[in-house]
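Just one chain follows, in the form predicted alone, and it is written as structure tokens.
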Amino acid sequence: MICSRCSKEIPTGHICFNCGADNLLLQKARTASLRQYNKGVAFAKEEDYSAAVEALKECVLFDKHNFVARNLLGIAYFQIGLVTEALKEWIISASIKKEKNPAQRYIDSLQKNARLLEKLSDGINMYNNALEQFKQGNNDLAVIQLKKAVDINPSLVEANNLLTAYYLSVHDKSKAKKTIYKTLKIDKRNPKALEYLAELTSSEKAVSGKNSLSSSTETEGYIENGYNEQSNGIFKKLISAFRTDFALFGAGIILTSAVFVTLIMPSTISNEQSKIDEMQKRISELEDENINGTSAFAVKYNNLEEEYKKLQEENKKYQGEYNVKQQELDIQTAEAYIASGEFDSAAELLYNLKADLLTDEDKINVEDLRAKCYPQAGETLYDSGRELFNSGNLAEAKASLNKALEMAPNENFSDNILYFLAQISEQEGDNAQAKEYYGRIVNEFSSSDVFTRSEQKLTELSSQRG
């Protein structure tokens, strides 16, 4: 097993001896993050932005380096008027992945339109001012500030919700309905708006049930349902709305760096595989029944077999698409690792790429990336291989040194890699391979400190029979 955090090999178990990471927990966290990301995507497509925000916040909680989820979270925040929060997520995303990241485009678009950004910021400031005015008991001034806030930034659903709470507290059902529907038009299933709508609908039903009573009785009906100014009913809801976390609109921005990303594609493959498993089960049942020789079962079997093959082809297609997407993400992750100086991790990802899944453009990009990280990663592998050789672990030393040679065939330590590989080949009794390694040192590294010994070894082995 390869450690998900440091990319070192874990010989046994799931705890990395190098960095101490519990890879079982990391895998569970990645799975949970993916699940929440898929939910966030689904909610965003349905314009249920509040739910999308909650799902995506959980997604980045499980995997804080998921820049794709942060981009979508920023868009969801922007759709409900939380521009500062959107910018925060995009800036964090851009710090995680600096190239080919749409987050930078979002930031640039806002920065180029400074007037728009200033207006949106003014709207949030007015909302914050309204909260202060409400807390001080200046309701009229607060409502004026809120109205200005939603005029400037109509998508600011928190301001609309606060207006709704105020209108309900003063029994202005008409205006309350208007702001509720305005909120739901922006954010289809906004929890606060739906709660206020349910409260309003409930009160209207209660009042309509007493429509034969006098006007004084009707007023009493409002008192019973918590709408009297002297009661704490809906006013508690208004006070609750005032407690919105001011930090939600703060300008402070926390930057992080490192990379990982998750995809929706695995769930598609999983669904297809489930279909195939079910189809295989049905085919097995029909095969048993078909032993009796009834033609009806034979027809059923043939139809199911065709459907089964079709599903296999579809799953193969999805798997291929997923592999391509995964490789693209591995390349992006490797770029981020290189940018942060984590050359070993980048090299491991690039080393495992399959060339037949790369486009011509990707192949050029991958070669450039390998040139940046392979020499450093090769030296690390060489040091590891040398230590393994000195401790007598020839099999692992050979694997590490071969990989080091593949990554760094022409570095100042490459001759030493060849020399250790030659030594291992000799101990394994493979003199032909040992001669090849010594011969490369003699022919390619004339100034090597192991040149003389290699030349002697080459002469000695060449003089031996067989």
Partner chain sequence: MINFKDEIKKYEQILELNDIEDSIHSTEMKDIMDMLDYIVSQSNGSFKRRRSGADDM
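Residue numbers count along the first chain shown, from 1. These figures come from a predicted structure and were not determined experimentally.
Below: the form predicted in complex with its partner chain, not depicted.
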Looking at 132-140, 391-399, 349-357, 369-377, which stretch has residues with any non-hydrogen atom within 4.5 Å of its partner chain in the predicted complex? 132-140
In the predicted complex, the residue from K64, K435, K39, K403 with a non-hydrogen atom within 4.5 Å of its partner chain is K64
R386, K173, K188, K182: which sits within 4.5 Å of its partner chain in the predicted complex by any heavy atom? K173
Residue contact check: N161 to its partner chain in the predicted complex, 4.5 Å heavy atom: yes
In the predicted complex, does Y106 come within 4.5 Å of its partner chain, counting heavy atoms only? no
Could you tell me if A44 has a non-hydrogen atom within 4.5 Å of its partner chain in the predicted complex? no
So, in the predicted complex, is N128 in contact with its partner chain at a 4.5 angstroms heavy atom limit? yes
In sequence order, the residues of 152-170 that place a heavy atom within 4.5 Å of its partner chain in the predicted complex are L156, E158, N161, L162, A165, Y166, L168, S169
